[in-house]
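This document starts with one chain, in the form predicted alone, laid out as structure tokens.
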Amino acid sequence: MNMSQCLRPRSIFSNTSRTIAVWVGLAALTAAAASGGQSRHINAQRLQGNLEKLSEFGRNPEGGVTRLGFSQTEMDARTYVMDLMKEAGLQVRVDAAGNIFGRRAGTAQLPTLLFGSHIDSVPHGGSFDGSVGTLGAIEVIRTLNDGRVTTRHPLEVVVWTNEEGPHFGISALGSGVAAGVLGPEILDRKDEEGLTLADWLRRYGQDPAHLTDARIARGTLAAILELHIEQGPQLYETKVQIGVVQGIVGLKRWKCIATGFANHAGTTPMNRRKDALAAAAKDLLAVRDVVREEPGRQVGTVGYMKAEPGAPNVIPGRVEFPVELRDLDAATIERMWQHIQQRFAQTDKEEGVETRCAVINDIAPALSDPSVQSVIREAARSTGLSTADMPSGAVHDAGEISRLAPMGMIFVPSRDGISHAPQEFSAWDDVANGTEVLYRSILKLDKQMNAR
């Protein structure tokens, strides 16, 4: 309800119940104004301008961006973001995994409060995924500077490397290295152009031989926070302003190769074919069926198929495809995979092919810290914003770092629940609300954690 709605004579005089409702609304607005609950500290216009500028890096004609991790486009965007961090007075460094950190000193010798997100995208993705949390974190620092606010804890803004993972098939790569779950074994992985991860780290100015130097030591972090768009429809459809994340799903991804026999499409009888693509098609449907058979919110995806030799008059002899499973329960993921493997074995027998799968990405589910969730709720309440507790069906860097420190995430609505697409959009007012909640959450954590 806004003030103009409250003061419409028709609403006031139509009947007694409407009159009471209006005066209750007026009283609520007055109380909120008196408490300062509706005021914002962050500069919403400045934040929007920075986000719009960042969206120019990798912008697509149809909207959105293509800004893959480990690409020249992302390198250019990183330079822009690092300049913003330096302008905010942060001491900027890049670790051996390419993660960017900007530090603001605290007044006491305490563990660091870490917050931020990523700026890479999927191919033909949106302009808000990751970017909101990254530039929102920088805006928090600028707001603290504007108000000459000091904190007991040192603060660090982080920009994680290659969160999305199209290159090398590894999601949350930078945070995974920082958390100690990924190491030198990933350096030899090659992208579509034949470049290794080690090659790309050198382009980022890092020495691959020192990759493990990027690991964050236990005890050095007080907490990890991440602001992000929801990437789903719940907040948008229920008109709730802030999502308080209860936990982040686990993700397990396999690269599968079905091997048959490439042969002439016109001369090979149907009953003598060893068609790898036919087998892979059955495997895709098996993944879908097994996941649907489980009660719950788990999901399974086969994102692409690469058939070789790829000619219309040749039976495919080799097909590569990924299988990805996600759920908040690691045991559910393993149970589904066992059933999927059984279905694959049955298909191999029927089609005369062999299918082998190898794990290429394994991210454990991560639960948010209850005390951090409580701080986020309080911060939203103090801003006059509604909240809902909810799981995250998407993987986030904060989940990897939850192995090292208490974790919390703040969600803002995504229009129509669309993400990883050019139509991805979060209203600027929602972006500002989330950043304000991040600002207040940081100050509350600074006050409450490691209290002496």
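None of the values given here were measured: they were computed from a predicted structure. Numbering starts at 1 and follows the sequence shown.
We do not show the form predicted in complex with another copy of the chain, though everything after this point is about it.
Among residues of the shown chain, Q72 is not one whose heavy atoms approach another copy of the chain to within 4.5 Å in the predicted complex. Using a 4.5 angstroms limit between non-hydrogen atoms, E139 is distant from another copy of the chain in the predicted complex. Residue contact with another copy of the chain in the predicted complex: P166 places a heavy atom within 4.5 Å of it.
Using a 4.5 angstroms limit between non-hydrogen atoms, P295 is distant from another copy of the chain in the predicted complex. Only one listed stretch (91-99, 253-261, 197-205, 370-378) carries heavy atoms within 4.5 Å of another copy of the chain in the predicted complex, and that stretch is 253-261. This chain appears without its partner; in the predicted complex, the one residue of V291, L221, I333, V81 with a heavy atom within 4.5 Å of another copy of the chain is V291. Comment: another copy of the chain is not present in this chain, but in the predicted complex one of A421, A44, A388, A427 has a heavy atom within 4.5 Å of it, namely A421. Annotation for 282-305: interface residues with another copy of the chain in the predicted complex are K282, L284, L285, R288, V291, R292, Q298, V299, G300, T301, V302, G303, Y304, M305 [heavy atom within 4.5 Å].
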